[in-house]
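The chain below stands alone and is given in structure tokens; this is the form predicted alone.
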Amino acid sequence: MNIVVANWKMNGDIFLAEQFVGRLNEIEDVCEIIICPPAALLWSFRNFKYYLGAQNCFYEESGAFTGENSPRLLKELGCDYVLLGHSERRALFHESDEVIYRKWNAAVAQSLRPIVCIGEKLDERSNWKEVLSRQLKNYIDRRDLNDTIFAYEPVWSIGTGLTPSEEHLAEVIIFLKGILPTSSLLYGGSVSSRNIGGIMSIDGVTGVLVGGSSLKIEEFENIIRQMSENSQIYIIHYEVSH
């Protein structure tokens, strides 16, 4: 069954949360929907019939870490998933691969299913294999990755309207599948209802991260309708500017 995950980033409010809960709760169980709102809005999804995810977590269960989110408390709030290593966390908050891996361990320990984001920047396009190998080095020898999702999100594609060619994306997925044979692989970056068909036709792509077009509920529902025709995993990734 398809899975749809919405990353709201630091956007949305109680009204938007209530709108989405009401509209999406009316959708028949054609796919599993995961919403990742800001932490302050997690409680607003307490009546959501699908799945709840966090946008980030810390690598300790508790302690003197002002402003961080405990993976244990996220689980108690009803979260089943957590996004880790998003490009914004790497760039704006200087999270290293080692820090992300520590968060992965903490999430797994609390039975949160991690969604680990990976991807190269514009000036790294020619060395994408090296970049992805470095970002994945801590996971290569793990034997417990069945519940971990990896999302390939080239940084140069986020919000730009640019996407890799289907040939290049197919090459990337083959490369990743060789490293992560048991994990679900997602693609993200400027995805919409107009190009989702081509992306999902690529063998090995088990999901997508959809860009800013998913902020509109009608577009969101249109994507869900298209996804219901495929047994894949999808992530809806909000990119909103104010």
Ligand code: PGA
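Keep in mind that this is a model prediction, so the values were computed, not measured. The first residue of the shown sequence is 1; numbering continues from there.
Below: the form predicted in complex with this ligand, not depicted.
- Comment: 154 to 162 is the region of 108 to 116, 90 to 98, 129 to 137, 154 to 162 lying near this ligand in the predicted complex, near meaning a non-hydrogen atom within 4.5 Å.
- Taking the partner from elsewhere, G212 is found to have a heavy atom lying within 4.5 Å of this ligand in the predicted complex.
- Among residues of the shown chain, V191 is one whose heavy atoms approach this ligand to within 4.5 Å in the predicted complex.
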